[in-house]
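What follows is a single chain, given as structure tokens, in the form predicted on its own.
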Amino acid sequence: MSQNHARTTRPNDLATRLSAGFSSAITAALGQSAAQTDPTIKAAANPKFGDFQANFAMGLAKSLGKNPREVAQQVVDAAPQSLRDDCEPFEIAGPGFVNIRLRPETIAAALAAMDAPTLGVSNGAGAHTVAVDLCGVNVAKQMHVGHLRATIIGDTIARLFERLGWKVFRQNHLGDWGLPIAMTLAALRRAKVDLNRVTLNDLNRAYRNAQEQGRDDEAGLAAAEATGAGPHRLAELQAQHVGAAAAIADAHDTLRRLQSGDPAVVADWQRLIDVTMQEVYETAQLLGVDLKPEHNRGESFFRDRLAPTVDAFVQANLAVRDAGALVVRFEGRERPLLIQKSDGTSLYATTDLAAARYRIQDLGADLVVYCVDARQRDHFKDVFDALRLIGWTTHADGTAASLVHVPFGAVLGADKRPLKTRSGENFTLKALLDEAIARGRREVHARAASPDAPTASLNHTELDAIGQAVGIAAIKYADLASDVGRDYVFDLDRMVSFEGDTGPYAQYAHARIAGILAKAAAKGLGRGAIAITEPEERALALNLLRYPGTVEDAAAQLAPNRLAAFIYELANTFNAFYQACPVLRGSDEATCASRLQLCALTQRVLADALSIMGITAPLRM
């Protein structure tokens, strides 16, 4: 993805203003030959050295054959008045670093500009379009822990772009077509199961049973016959062979009838989808994920586009026969992309090619994002390269769409292996969420037992609602706070903690601020212009001002963990401010009003950031 897709110019961004000011100073001091030099403005690692640091001098000095401190001094002396008005006198340190400390009025003015409905976040007003491939469940199978990541990472990326004003298409690529579904449907019909009463648990069992019924041990039968196995073993294998052949034949016949539009088969097939998706929608709602029927674009949606997709590659001389199959070959790569089997049937790759063409050409996506686990890296590399070869990534106006696979790692148990139940099966997502909610409710009820707790007066139902929000936040934040490409250990004890880098900790910071503001309102205390006088006020203010850039960077890098890191740092910085700077008992009315305004802005930013992650921000905890 182009790193400029989600970035815009923010006139109120202090780092941007500093960069522009120092660029002007470099040109004024050293001439046009230095005009393209990046001033390299970075946030200071230690507040005692200032708020920002400019690190341009050493590189320039080397090219000019001068002393770095001398170069830094020349540039500082040429600083425009607008830059001087924003900053305290500059300090040149070490081998030529320029330490920058902003004037308190500059910070306060930037906060006032940010204190708007948009919170300073740019809005593209639909100028760009992104399609996000997320969730991707298989019909007749329960959601498992792997679907958690595909769903919430995809939803958060979609929310990031929505926050920036992009036109967003969520695309739930259902596995709802082909032989596996036909096998399940055929098995259910053979058993005369009443599909009007069937549950997803029933379908999940039927799916597994259908796979077993269609599994043929032909090699085992041949070996048993060759080695003279006993009659019971031979009879068992022969029965398995005959039964599997019959099940496969029935599945092919069911698939044929489905593809030809047999009303009864189509109705039963639709029932399988409805039962599956009912739980998916319920789970999405529980997770705070925006996933609805209009987002479904399953394999069945593209079934009439598969043959034209293959034909297009053949006509473009990009597909060649290999042992009867059609493959696309890539220069310098041994691995081809199989787009049609020797029997004429299509594959996942064929559907993905058709889907990408639809997303780019029909939906007009400038960017297509695939939130799919890391094991599919090679598959998507091949699909993307094939799309570029045939030219389907290019829009009618000649602009090229970007295709990005966001490969996520596995969720691990305490043994550092993929999370499984004691029986060795994948955890269902519902079981995982139920446990997290139960744990969150226990924590919230336990805290409410204290007479001094903000939640002490709430009833059982209200506490349960907060506990559910805490449990869901615990799981979502832990997942999104990690680098999406890495595996992470599922530790519910740590996740539901109200301390440390957790979702409940961020929620609690928000609730604490809400409590402060509620007390202020009860006392009739008003808010006023922000004045920066204390170091903790400055630290909090500078953190708040990073928010618009953080949202843009998280979207540009497709990295929700950057937003999570910002939330954690903001919560920490607020807590330090709260401990050092009394709000409701400030030294005077103006100070109290200023700090209340700073609190209110912090609450809004925290709530907004959490909402991008699809996390509820309770007012009391």
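For every residue, the number given is its place in the sequence shown, counted from 1. On a predicted model such as this, the values are computed, not experimentally measured, just so you know.
If you look for the form predicted in complex with the RNA, you will not find it shown, but the lines that follow are about it.
Student: Is Pro582 near the RNA? Define near as a heavy atom within 4.5 Å, in the predicted bound form.
Tutor: Yes.
Student: My question is simply whether Met621 lines the interface with the RNA in the predicted bound form - judged by any non-hydrogen atom within 4.5 Å.
Tutor: Contact check for Met621: yes, within 4.5 Å of the RNA in the predicted bound form.
Student: Report whether the minimum heavy atom distance between Gln557 and the RNA in the predicted bound form is within 4.5 Å.
Tutor: Yes, Gln557 sits close enough to the RNA in the predicted bound form that at least one of its heavy atoms falls within 4.5 Å.
Student: Using the partner position in the predicted bound form, report whether Phe97 sits within 4.5 Å of the RNA, counting heavy atoms only.
Tutor: Phe97: yes, in contact with the RNA in the predicted bound form.
Student: With the RNA left out of view, which of Ala316, Ala521, Ala245, Val489 would have a heavy atom within 4.5 Å of it in the predicted bound form?
Tutor: None of the other options qualify; the answer is Val489.
Student: Of the residues Ser482, Gln259, Thr106, Gln361, which one places a heavy atom within 4.5 Å of the RNA in the predicted bound form?
Tutor: Contact check passes for Ser482.
Student: Using a 4.5 Å heavy atom cut-off, are Trp166, Ser594 and Leu601 all in contact with the RNA in the predicted bound form?
Tutor: No, none of the three is in contact.
Student: Heavy atoms within 4.5 Å of the RNA in the predicted bound form: which of the stretches 187-195, 284-292, 374-382, 150-158 has them?
Tutor: Of the stretches listed, the one contacting the partner is 374-382.
Student: Just give me the residues of 559-585, first to last, that have a heavy atom within 4.5 Å of the RNA in the predicted bound form.
Tutor: In sequence order, Asn561, Arg562, Tyr568, Asn572, Asn575, Ala576, Tyr578, Gln579, Cys581, Pro582, Val583, Leu584, Arg585 come within 4.5 Å of the partner.
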